[in-house]
Every structure is written in structure tokens, then in C-alpha cells.
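We give C-alpha cells for two forms of one protein chain below, kept apart as structure 1 and structure 2.
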Structure 1
Amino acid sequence: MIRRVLSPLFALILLALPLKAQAPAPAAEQIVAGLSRDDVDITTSFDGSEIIIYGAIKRETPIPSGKPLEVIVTLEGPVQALTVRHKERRLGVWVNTGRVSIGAAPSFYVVTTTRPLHQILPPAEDQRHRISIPLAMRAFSGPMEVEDAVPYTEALIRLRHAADVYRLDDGAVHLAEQTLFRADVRLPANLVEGIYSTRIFLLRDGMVMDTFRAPIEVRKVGLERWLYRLALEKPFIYGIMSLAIAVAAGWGASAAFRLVKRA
């Protein structure tokens, strides 16, 4: 009887031992971080904002010798599926000659670093964590209609750089005594609603030692949110209201003009 009861118990112990042996050891240096705010409100007068990402390096041993510590901070907006088209002018008419569909591209993406990104992040680590701007875009979707998709993705990145929604800020992370760090991330006025993801990477000798993630909610509030929801959920009423406002504005301007002319 006793043997019958203990056998399953020994089996459970034997199953648990390998799992415990395979558990990863904690990193020698760990990130402890915070954000100056975890939400951003978009109002009718919103013209951009700024978020401070700060933290410290937790370690149980003295600072290792060798190359200094590096910190990379990324802030990524909600991803969107999109299509990049190439146009050419033929016989005086602009026509589409090729297109590339991207499964998921961030609506906003900023990378800030302690030193130039190409000096501190090896390609293998970049591929593993998808940190740089080209790798932040996910896999292509649908069949490829062009031989080389690189010019299309480069054009998309160039356009979003110009719109200030993709940015690489080398040297914008301030690291003091290899322990305290801070990054000031500027947010433009053309943000979209959604959950934004903050990632912090701690690197030493080109290897990512630890990572930290935190969400930031960006939402429209007040009259801006009411109009946004009305346009999405009740487009007919939104159209009628827009038409009425346009007619009233036209009538008011005309009446004011007549009064001025009589005076």
C-alpha cells in the first residue's frame, strides 16, 4: 500500500528536477526602470508631448571591467498593415508599376541609445530582438510582386522619417557611472490612438544582458474623442452634422459680409 502511494510522489519529484535545472539564471545586471507617465491624452490643442524614461542597473557584484555598459530604449506605436506602391509616368499618365504589402509596420517608432547604434548593437542581436528601424517592420504579407522589396521599405522609412514618426536618436540616453540612465523621448502631434510599447535593452560587450518592457496608453479625450467616435460609429450622423455646420458657417459669413457692406 505504502509503495503504491509513494511511487507517484517519486515520479513527480523526478519530473520536477530537470525543470528546475533548466530554469535560466538571473542576469548579473538587471534593469529597474520607470516612466514619467503611463498615458498620453490627445485633445484638440495637442501639439506633442515628451516622456522621460529613467532607471538604474541593479547588480549584486562590483561593476565588471572591460567595455562600458550600453543602454538602448525604443518606443513603438500600434502596428498597421500597409501597402507600398511604386508609380511611374508612362505616356503622360502616372500608373502603379509594383507594390509590396507589409504585414505589420509600427505607426510610430523611436530608437534612442547611449552611443551610435551601429557601434553597440551587433547584427545578430538586432535580428534576435528586432531593435533597429528596418527590423521593427514585420514580415511581408501576400505574394511578392517585385524582385527586390528593399527600395520599397527604404522609401517607407524615408517618408516616415520626414513625418517625424520614425526616429533614431544616437546618444540621447544619458548613462551615469554605469548605473543610472535617462532618456527623454519627444512625441509628435500626429500620434494615433492605441497602446505603445516601451522597451529597454541593457548591453555589455555587444550582448543583451537584460530587457524591460512597459506600456503607454495614447487616447483621444474630450471633444476630439467624441468627434472621432461619432465619425467611426455613426458616419451618417457625422456627415449630416458636418454639412449643417458648413451651411451655417457659410450663411453666417454671408450675413456678416452684407452687414459690413451696408455700414
Structure 2
Amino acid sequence: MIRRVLSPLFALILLALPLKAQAPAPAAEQIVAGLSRDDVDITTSFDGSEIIIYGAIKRETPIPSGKPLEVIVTLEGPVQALTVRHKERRLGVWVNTGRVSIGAAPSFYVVTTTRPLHQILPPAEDQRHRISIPLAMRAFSGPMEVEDAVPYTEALIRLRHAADVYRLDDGAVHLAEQTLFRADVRLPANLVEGIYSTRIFLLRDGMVMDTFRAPIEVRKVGLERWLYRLALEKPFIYGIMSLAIAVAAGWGASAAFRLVKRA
């Protein structure tokens, strides 16, 4: 009797041990991946970019039978603190009444999958790895001033979808022969500078088998970088420079028009 109870428990412990000890568990199937580029330069003429995330599944054994392999690729931008506000009609006028502060939400988040996300990812695994868009928003901050924050987070997701910075592309990961995969992620023009992170999840039968992470650095270069640094580090000089440009342009236009009139 005791043995019958204990043996599944032992099996569980054995399963859990390698995870706990962080021993290099030889997973049956592993991701070997690459990125078409590991940095994105924002120049003056920057108008979005495309990143190809590709890879293969490494395995020593034949492809297991049963449910097919699924791949999820996510790309996440630097997190920002946000405030979501809600308008209500007060005395005939629409005013902001409630607000919810969100401590950290990604400035950009794309999920691409081999098949519709809800079909391949059970909620428990989603919770654990924070894959789907609602779970990518992490923390509320400050005291709660509203009874129910759900409409606020829903609105945030809706607005960010509309701005094309949150995206769920079901079926955008191409998987060939359960071995080779490729995802094309389009980056919009309104990117924020910082470290973006790519995550790749390998799933079989609703379980995450292996994960892979890689950073992508998005940074301003050249004139963009110089202006940005100057504005942050020497704001007074930057301000004077902005004014000098304005005054010079005003004078230049005036002088130019005088010439035109005289001619």
C-alpha cells in the first residue's frame, strides 16, 4: 500500500530533481537557433525593420510519434511604466475619472506561433512562462483606486494592438519536418531604444520541452544618438542649440524673402 503511494511520488521527485539542481538535463529535443541580426540601428531614416528568427530542433532519438511539435516565438521590447485612464461623463463633460498604474508593461510584444496559441498552450504553461499578451504585462503599481482593473488592462491591450505594438501572429512560425523553423517578425518604426529579448518555446502535447533566449539590441546611431545624449546629459546646451537653430532659421527666412522681393 505504502509502496503504491510512494512510487508515483518518487517518480515526481526524480522528475523535479534535475530542474531544482539546474543540472544539464539532456532534454530529448533541444532548440538550436539563430537571429538574422542581433542589433537594430535606428538612423534618421529608420522606418521599421524585419528580424528573422530561425533554428532547428536537435535530437538524438527519432521524432517521437503522437502529437506534433509546436513552436512559439516571442519578441519583447523594454518595459515601461504606464498609466491607463478612463473617461466618464460628469456634469455633461467627459473627464478622466479612474486610473490604473501599471508598473511594467513591454513597450513592444509580439507572439508568433505554429498554430493558434490557445490550442497549443494550456493556461498552466502560459502562467509559468508568461507567453500570451495579457500575461506579458507584469505588475500593478501604487494603491488600487478602482474596484476592477480588468477593463483597464483590456483597454491597454486593445490600444496597443491598434498601435501595432502588441501582436499575436497565429501560424506565423513555419515548421518544416518537425525540425526546421523560421519566424519573421516585423518591427514598427516607432521603436523604443533598449534591449529586446527573443524567446523560443518548444512544445509537445501542451508541455514546454525546451526554451531558448537571445537578446537584440536596438539603439540609436549617428545624429540620432548624438542628439539624444545631448538632450539628456547637457539639457541647457541642447536648449540653447534648439533656440539658436530657431532664431537662425527665422532670420534666414526673413533675409531670403527680402532677396526674393528685391529680385
Partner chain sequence: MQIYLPIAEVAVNALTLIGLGGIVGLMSGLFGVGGGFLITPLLFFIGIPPAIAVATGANQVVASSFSGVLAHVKRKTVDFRMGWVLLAGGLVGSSAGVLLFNMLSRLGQVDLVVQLCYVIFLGLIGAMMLQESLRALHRSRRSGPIKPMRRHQHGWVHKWPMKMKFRASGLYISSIPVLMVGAAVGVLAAIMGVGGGFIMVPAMIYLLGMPTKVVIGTSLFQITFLSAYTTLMHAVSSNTVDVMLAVLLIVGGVTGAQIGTHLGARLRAEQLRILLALLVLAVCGKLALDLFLPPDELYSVTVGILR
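Model, not experiment: these values are computed from the prediction. We call the rigid core whatever largest set of C-alpha positions still superposes within 1.5 Å between the two forms. Here, residue number means position along structure 1's sequence, counting from 1.
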Is the form predicted in complex with its partner chain structure 1 or structure 2? 2
Rigid core aligned, does the Cα position of N96 differ by 2 Å or more between structures 1 and 2? yes
Superposing on the core, what C-alpha displacement does F257 show between structures 1 and 2, in angstrom? 3.7
